[in-house]
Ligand SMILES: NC(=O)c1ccc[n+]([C@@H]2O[C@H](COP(=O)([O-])OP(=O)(O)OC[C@H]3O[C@@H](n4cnc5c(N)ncnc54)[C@H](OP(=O)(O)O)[C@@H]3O)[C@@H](O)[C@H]2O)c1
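Okay, so here's just one chain, in structure tokens, the form predicted on its own.
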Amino acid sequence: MECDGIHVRSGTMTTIGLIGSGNIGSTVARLAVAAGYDVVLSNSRGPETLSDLVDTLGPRARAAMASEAAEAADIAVVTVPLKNYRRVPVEALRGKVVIDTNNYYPDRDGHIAELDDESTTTSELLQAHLPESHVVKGFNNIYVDHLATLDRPAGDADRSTLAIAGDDAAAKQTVSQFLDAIGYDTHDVGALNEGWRFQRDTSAYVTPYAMPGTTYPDWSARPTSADILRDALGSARRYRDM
């Protein structure tokens, strides 16, 4: 069926398609499998390189080419280096919800003029590449080890909150439901162009989930309430405003 322009397959367990299966992708896959989702993993090197990860995840997981993972996905998670975002399948993701985890690292990605001058954001670049998909920014501002350990059941006093941004309300609701299922509350920052508020090097990037006084790579995770996250988001500044 189709709901508010978003394709949702009726009568099947939701499948999470991973476009990229590095640290963040594999961690999201583990959380999704633990919550009862099926996952299809892909990377740039081919499905055979993911056999050990698939074996670890169990029967709910399989590996495929990126185009196949996109086709199978009810919700796709794009977690590739930003410099490769144009390789993300377009047609197979038409009408689908796509979670974008990307951050911009010029040393890795090369300089991208419109990001350097802050006329756009990473997730807006992906949305332009996927014009008929529903891109929601998420998972990009939390250290992977913290993401793997801070999940808690609904109602737990130590449940943490993750930020999202997007232009489609129904897509954000879909992502919020997924995050709830894997152990996180959600704070909606607003439209996709507001995603800069929790991009790399802002006050809402990584540190809200780290115990004060600890430093990388020995950050200790702390439960991060919506209030802690809102305070960090409220303190975010763009370079051009500094």
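All residue numbers refer to positions in the sequence shown, first residue = 1. These numbers come from a predicted model, not from an experiment.
Keep in mind that the form predicted in complex with this ligand is missing from the display, and what follows is about it.
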Worksheet item: Just one stretch in 153-161, 138-146, 111-119, 168-176 has heavy atoms within 4.5 Å of this ligand in the predicted bound form, so which one is it?
Response: 138-146
Item to complete: Using the partner position in the predicted bound form, report whether residue 44 sits within 4.5 Å of this ligand, counting heavy atoms only.
Response: yes
Worksheet item: Heavy atom to heavy atom, is residue 125 within 4.5 Å of this ligand in the predicted bound form?
Response: no
Worksheet item: Is residue 66 close enough to this ligand in the predicted bound form to count, meaning some heavy atom within 4.5 Å?
Response: yes
Fill in: Any non-hydrogen atom of residue 72 within 4.5 angstroms of this ligand in the predicted bound form
no
Worksheet item: In sequence order, which positions of 88-106 have a non-hydrogen atom within 4.5 Å of this ligand in the predicted bound form?
Response: 101, 102, 103, 105
